[in-house]
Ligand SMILES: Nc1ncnc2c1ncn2[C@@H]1O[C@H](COP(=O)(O)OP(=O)(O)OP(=O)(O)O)[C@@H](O)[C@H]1O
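Listed next as structure tokens is one chain, alone, in the form predicted on its own.
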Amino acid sequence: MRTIAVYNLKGGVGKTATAVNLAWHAARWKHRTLLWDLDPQGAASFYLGVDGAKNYKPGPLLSGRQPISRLKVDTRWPDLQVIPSDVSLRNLDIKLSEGGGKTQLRRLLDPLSESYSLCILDCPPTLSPVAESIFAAADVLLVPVIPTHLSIRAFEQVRDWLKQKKYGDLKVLPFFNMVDRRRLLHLQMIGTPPPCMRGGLKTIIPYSTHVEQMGEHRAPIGEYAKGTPAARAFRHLWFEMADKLKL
């Protein structure tokens, strides 16, 4: 099982929309896919139409008293399941700090490899014990970056932190997201990408009202706005990512 963590230190850059749309495309191409919504806000669970999530608490989950396999919930799409968010995840940092090391999330995910070929983690915007556990569990860190100075700065902070903490084996793939070609700064940055974006993905995801409508439709964009620029872009992003992972 390959694990993709959709992450950025900065909030509001489109992590959840990316995670949900990639998971949907993976399932469409017959990859048995699990999306784990690690953000206490639970936006990914909401987008996938999951209500009445199974309540769980980080302590019993991390200790093994509550098997992770019992938390999986079906979505209305074949081959796509979700571990919904729970508000108690706000305490996950505390529980991870109490012991067990940064490999706890990886140990939880390992048994799932028998059932899934792909796990996508929708991550909260934090540099914390949760982030360290995510980095240790992931094969790829997928980083949506808006072409603005603050978003670039946040990504550079993440990159420097990974280097400092010696996560050298983690593949980091940034890509430009929420691009508005009416804005001069956006055009300048995608035309001449900053050095930190080199080696990232080539797909550019446009700013689109269709992304905002995911909350209204509670579905990935390809379900209700097929053929739009945003839907095509996420499809291209999936194929580029799948090629990188040899899926």
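Heads up: residue numbers just count along the shown sequence, starting at 1. Every value quoted in this text rests on a predicted model; they were computed, and no experiment measured them.
In what follows, reference is made to the form predicted in complex with the ligand, a form of this protein that is not presented.
- In plain terms, the part of the chain that comes close to the ligand in the predicted bound form, with a heavy atom within 4.5 Å, is 173-181 out of 74-82, 130-138, 110-118, 173-181.
- With a 4.5 Å cutoff on heavy atoms, R235 does not count as touching the ligand in the predicted bound form; it lies far away.
- Although the partner is absent here, G222 lies well away from the ligand in the predicted bound form, with no heavy atom inside 4.5 Å.
- Using a 4.5 angstroms threshold between heavy atoms, K15 counts as touching the ligand in the predicted bound form.
- Contact check for Q41: a non-hydrogen atom falls within 4.5 Å of the ligand in the predicted bound form.
- Shown without its partner, this chain lists L34, L48, L61, V211 as candidates; in the predicted bound form, only V211 has a non-hydrogen atom within 4.5 angstroms of the ligand.
- Within 4.5 angstroms of the ligand in the predicted bound form, the stretch 119-141 places a non-hydrogen atom from P125 alone.
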